[in-house]
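Below, in structure tokens: the form predicted alone, a single chain.
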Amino acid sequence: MPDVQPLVSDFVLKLKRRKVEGSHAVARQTAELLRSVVSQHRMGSSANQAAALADAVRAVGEQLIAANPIELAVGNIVRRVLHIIKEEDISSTAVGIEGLSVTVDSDGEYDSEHDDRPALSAAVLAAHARNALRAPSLQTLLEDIPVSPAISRTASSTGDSDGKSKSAGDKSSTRKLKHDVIAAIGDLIDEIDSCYEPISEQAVELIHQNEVILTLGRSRTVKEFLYAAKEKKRSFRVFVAEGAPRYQGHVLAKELVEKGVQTTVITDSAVFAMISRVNMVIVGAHAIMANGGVIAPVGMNMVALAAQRHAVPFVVVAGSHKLCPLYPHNPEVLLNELKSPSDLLDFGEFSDCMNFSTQDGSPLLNVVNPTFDYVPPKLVSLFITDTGGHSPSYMYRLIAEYYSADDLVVRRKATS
């Protein structure tokens, strides 16, 4: 893919340098890149074009995931595209089988007057059907499956004209597969962009009059959710924990005030002190795992524990592109990363402390600045996605609708 490789290398570099961050931005740009990969991919003459297309996507996806493993949305979109390729291939296969229909009269015998096509025996049709249906039912969907010899022998008897017709049909089917995959990826991009609307529509059912809402940090999904409730004339107050050390809660508080929402900024350490006045906790997420656990901004686990202690519902709002089919214990999952100590300390002020060390040379002062927290599913009351509200125990079933089981580990297949 010489035309796409510069785009891939550029995006890989952006991921490594953290020039692109945040699940929404990462997911959208990943989907756009993979659409370009599919568009520029040359469909050859191999028997299984879907497998070749999936291999091209898998090769690029492996590079993107390795560039920044903490951005789980990259892997989510790669797996979604692989699932799309499978679905479109199954759809085209089903259409092909429908074309091999046999007209039968009332006595159960073939009626040649209703069909001008050359007759194929039931055994040949059955062999072709088994060959076509093998991929959807097993993991051989992405493997090269040779065409049944029985079909080849029968087709040869019909003459060169049928061979040419079949070749033209194969090319047309290949073009249709590629076109349908590109269109489906376009729908996926639209879904990522418009995920806030269906989530926000559920706000009026969840937020009631004169309630107090607590949130932490800054989440666009939460912001749009609260905006929607305000537009429906709901009167409520929001406690915003500031989200140290990056203090994104300050930005969210300003945005809410501009929309006329009553807002109170509190320190992160004051969450336990204020939680007894709160009716509901509404937060965003970096990723939702297959077990219903949540990877969220640092400090979120403390908020969830406080909510559980005081029996306050803990609600997570997130788009479907944040649904990750992996479990927290999977080796492919990187749950956290450490940010620069400069977010916490002024090196000028603490420069004298940097010189102190133990006898073995290790420093006396260490700074740890994690980015994320992990919230176990037992602390989550409800998930609200663009497909509706779901309990944590249902998430694995919802995730199964978006991904294929054999695509959980994105790795190029070894060539024999």
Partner chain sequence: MDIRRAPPSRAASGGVEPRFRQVGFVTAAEPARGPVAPAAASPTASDGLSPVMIPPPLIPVPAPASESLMPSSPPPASSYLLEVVSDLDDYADDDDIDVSWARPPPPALPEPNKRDLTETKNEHAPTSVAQKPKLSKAERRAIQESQRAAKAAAKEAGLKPTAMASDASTKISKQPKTAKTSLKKVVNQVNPPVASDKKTGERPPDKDRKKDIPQPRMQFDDAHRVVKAKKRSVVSQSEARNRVELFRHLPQYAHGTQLPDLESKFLQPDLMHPSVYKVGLQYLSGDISGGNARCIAMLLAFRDAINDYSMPAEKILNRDLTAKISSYVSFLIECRPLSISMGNAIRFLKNRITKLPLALSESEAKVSLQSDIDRFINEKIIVADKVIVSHAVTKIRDDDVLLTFGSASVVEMIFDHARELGKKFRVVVVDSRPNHEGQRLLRRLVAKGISCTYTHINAVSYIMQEVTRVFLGASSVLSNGTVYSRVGTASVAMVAHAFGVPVLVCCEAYKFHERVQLDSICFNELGDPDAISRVPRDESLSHLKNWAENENLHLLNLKYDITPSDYVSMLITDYGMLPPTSVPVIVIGSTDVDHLIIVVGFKFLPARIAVLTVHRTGHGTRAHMCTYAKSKAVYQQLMFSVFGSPSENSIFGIRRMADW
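Everything numeric here is computed off the predicted structure, so don't read it as measured data. Residue numbers count along the first chain shown, from 1.
Below: the form predicted in complex with the partner chain, not depicted.
With the partner chain left out here, work out from 239-247, 311-319, 73-81, 195-203 which stretch has heavy atoms within 4.5 Å of it in the predicted complex. Of the options given, it is 239-247.
Of the options Asn279, Ser91, Thr267, Ser173, which one has a non-hydrogen atom that comes within 4.5 Å of the partner chain in the predicted complex? Of the listed residues, the single hit is Thr267.
Can you pick the one in Ala228, Val261, Ile189, Ile213 that has a heavy atom within 4.5 Å of the partner chain in the predicted complex? Contact with the partner chain in the predicted complex is made by Val261 alone.
Distance check, Ala59 to the partner chain in the predicted complex, heavy atom within 4.5 Å: No, Ala59 is distant from the partner.
Hey, in the predicted complex, does Pro325 get a heavy atom within 4.5 angstroms of the partner chain? Pro325 lies outside the contact set for the partner chain.
Report yes if any heavy atom of Ser342 sits within 4.5 Å of a heavy atom of the partner chain in the predicted complex; otherwise report no. Yes, Ser342 sits close enough to the partner chain in the predicted complex that at least one of its heavy atoms falls within 4.5 Å.
With the partner left out of view, is Pro377 within 4.5 angstroms of the partner chain in the predicted complex by any non-hydrogen atom? So Pro377 does not count as contacting the partner chain.
Going through 269-308 from first to last, which residues have a non-hydrogen atom within 4.5 Å of the partner chain in the predicted complex? Contacting residues: Ser269, Ala270, Phe272, Ala273, Met274, Ser276, Arg277, Val298, Gly299, Asn301, Met302, Leu305, Ala306.
A 3 angstroms or greater change in CA distance between Leu72 and Glu332 is reported in the predicted complex. Closer or farther than in this form? Residues separate in the predicted complex, at least 3 Å farther apart.
Pair Pro331/Gly299, Cα separation in the predicted complex versus the displayed form, closer or farther by 3 angstroms or more: It is closer: the C-alpha separation of Pro331 and Gly299 falls by at least 3 Å in the predicted complex.
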